[in-house]
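So this first bit is one chain, no partners, the form predicted alone, shown in structure tokens.
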Amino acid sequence: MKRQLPLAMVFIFGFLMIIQYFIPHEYSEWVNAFLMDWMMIIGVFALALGLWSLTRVSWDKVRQKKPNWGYSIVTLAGLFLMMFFGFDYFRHFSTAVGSDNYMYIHFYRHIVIPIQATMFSLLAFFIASAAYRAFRARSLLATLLLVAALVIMLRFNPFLGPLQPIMEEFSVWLLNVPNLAAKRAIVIGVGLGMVATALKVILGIERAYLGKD
């Protein structure tokens, strides 16, 4: 019963969500809105489950003093501090409620944003290294990739003089014709993959969400 009930619910609700798009009736729209509301409710419970899982895993690392357990202390401290100031029970810490709380904004602007800037700065070096390896003209396709990348990067360069309008027009053509064609092919492929995966889940072929059989 632990397996059959979730499979039956997935099949029923998945089938309902598919057919309701093909039924032009007010009741069908009401069913869609009703199920969307339930998705929000389930999302709240999923958030609570994620918080509990993060807390338990981090606390186990601290309690057992596993490698890098100090980072788990920082994670738990940040989690509970942001929750504390987000609920805004103590007015002397804040000037507003919830996400407008002074300390909440202070922590976000002076801790989270600098950390994100650092991560993206480091990521830029990894991207540059990967681009250097990918753009080496060792074949025809690599040469085309190198030329296209140079055109895109140099299109706003003011030192090109009379060549800048030509480079800009050529870059627009690259973005709107070959790049867009490849992007559409990728999006269509991803869409077909999503449909195939959804059908496998609805029909019970894919059961990874149930855990190990």
Partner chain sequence: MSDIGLILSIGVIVVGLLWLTIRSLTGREVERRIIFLFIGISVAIPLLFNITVSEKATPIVKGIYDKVENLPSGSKILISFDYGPSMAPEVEPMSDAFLRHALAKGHKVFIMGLWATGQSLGAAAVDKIVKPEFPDKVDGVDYINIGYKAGNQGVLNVIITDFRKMYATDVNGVDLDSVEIFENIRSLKDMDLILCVGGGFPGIKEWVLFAADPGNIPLAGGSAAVATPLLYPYYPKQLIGLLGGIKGAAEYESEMKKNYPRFADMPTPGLNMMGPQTLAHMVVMAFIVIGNLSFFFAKRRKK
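Predicted model, so just to flag it, every value in this text is computed and none were measured. Positions refer to the first chain, counted from 1.
Not on display, but discussed next: the form predicted together with its partner chain.
The closest non-hydrogen atom of residue 158 lies within 4.5 Å of its partner chain in the predicted complex. A residue is said to contact a partner when one of its heavy atoms sits within 4.5 Å of a partner heavy atom; residue 62 fails this definition for its partner chain in the predicted complex, lying far away. Contact annotation: residue 163 falls outside 4.5 Å of its partner chain in the predicted complex, judged by heavy atom distances. Of the residues in 140-177, those that come within 4.5 Å of its partner chain in the predicted complex through at least one heavy atom are, in sequence order, 146, 150, 153, 154, 155, 156, 157, 158, 159, 164, 168, 172, 175, 176.
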